[in-house]
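A lone chain, given as structure tokens: the form predicted alone.
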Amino acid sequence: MCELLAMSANVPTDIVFSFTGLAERGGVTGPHVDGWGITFYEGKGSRTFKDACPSSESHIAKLIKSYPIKSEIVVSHIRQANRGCVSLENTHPFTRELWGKYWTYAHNGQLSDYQEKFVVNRFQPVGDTDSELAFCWIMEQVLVEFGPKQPEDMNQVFTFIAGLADEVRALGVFNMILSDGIDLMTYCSNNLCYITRRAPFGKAKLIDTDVVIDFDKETTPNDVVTVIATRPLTKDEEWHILKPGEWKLFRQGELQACN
């Protein structure tokens, strides 16, 4: 299985600390050696870095760990391939445009008997993974349901997507991260957790490598930062474990909607 990492914050925040822990799972403390990727949102734009090499060995990953790109929304993924070959086009996160916004998606899990269900038209996969095809199908269904103009109530859209995720989960394991650059949605099939950090901030130590950070020195009293991961990244903080079928929607670090 793959592993997911995402962040929603109310101020531009770097994810160097969390990504450093995740990257170790790409070949050192975990078997996820079949590529990795990360997307940072900056206003309406986004920048994505991908590599088909293990994150623990990737020179691009070393750049991300040393260069504090600040963003309010980040989506990241390390891959252990099951559907599709090890290649750049099969590396998450995947991105599509809808309603004049970039939507970014990453999936952890494996699906079966999905080809007949995931019929797509406008949104076509580039690679040959079940993950990307599921993303294209979700986007297709959203377009069919809501039309070419974005509705005012985006909570309604994400609630609809949660229903689609339930359908996909019936085909296998489907842990998902999805963002339109404003909201960040997480859907749990079997392994997903999150933590929301706010004042008073304290210290935290990574599980996968000997790195400690004092968030009090890196933040202001008004900062709110939520981090989502497949498994907890720190050993001295309380992470909230999601249940199968549970979903959460975050905006600027705060919980907006859930089931």
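Bear in mind that the values here come from a model prediction, so they are computed numbers and not experimental data. Residue indices: 1-based, along the sequence shown.
There is another form of the same protein, the form predicted in complex with a further copy of the same chain; it is not shown, and what comes next is about it.
In the predicted bound form, at least one heavy atom of Glu89 sits within 4.5 Å of a heavy atom of a further copy of the same chain.
Although the partner is absent here, Ser46 lies within 4.5 Å of a further copy of the same chain in the predicted bound form, judged by heavy atoms. Of the heavy atoms in Pro125, some are within 4.5 Å of a further copy of the same chain in the predicted bound form. a further copy of the same chain in the predicted bound form is approached by Glu97, whose closest heavy atom lies within 4.5 angstroms of it. Residue heavy atoms within 4.5 Å of a further copy of the same chain in the predicted bound form occur in exactly one stretch of 107-115, 161-169, 183-191, 81-89, and that stretch is 81-89.
Heavy atoms of every residue among Glu42, His59 and Tyr67 are located within 4.5 Å of a further copy of the same chain in the predicted bound form.
In the predicted bound form, Leu143, Pro148 are the residues of 140-166 with at least one heavy atom within 4.5 Å of a further copy of the same chain, listed from first to last.
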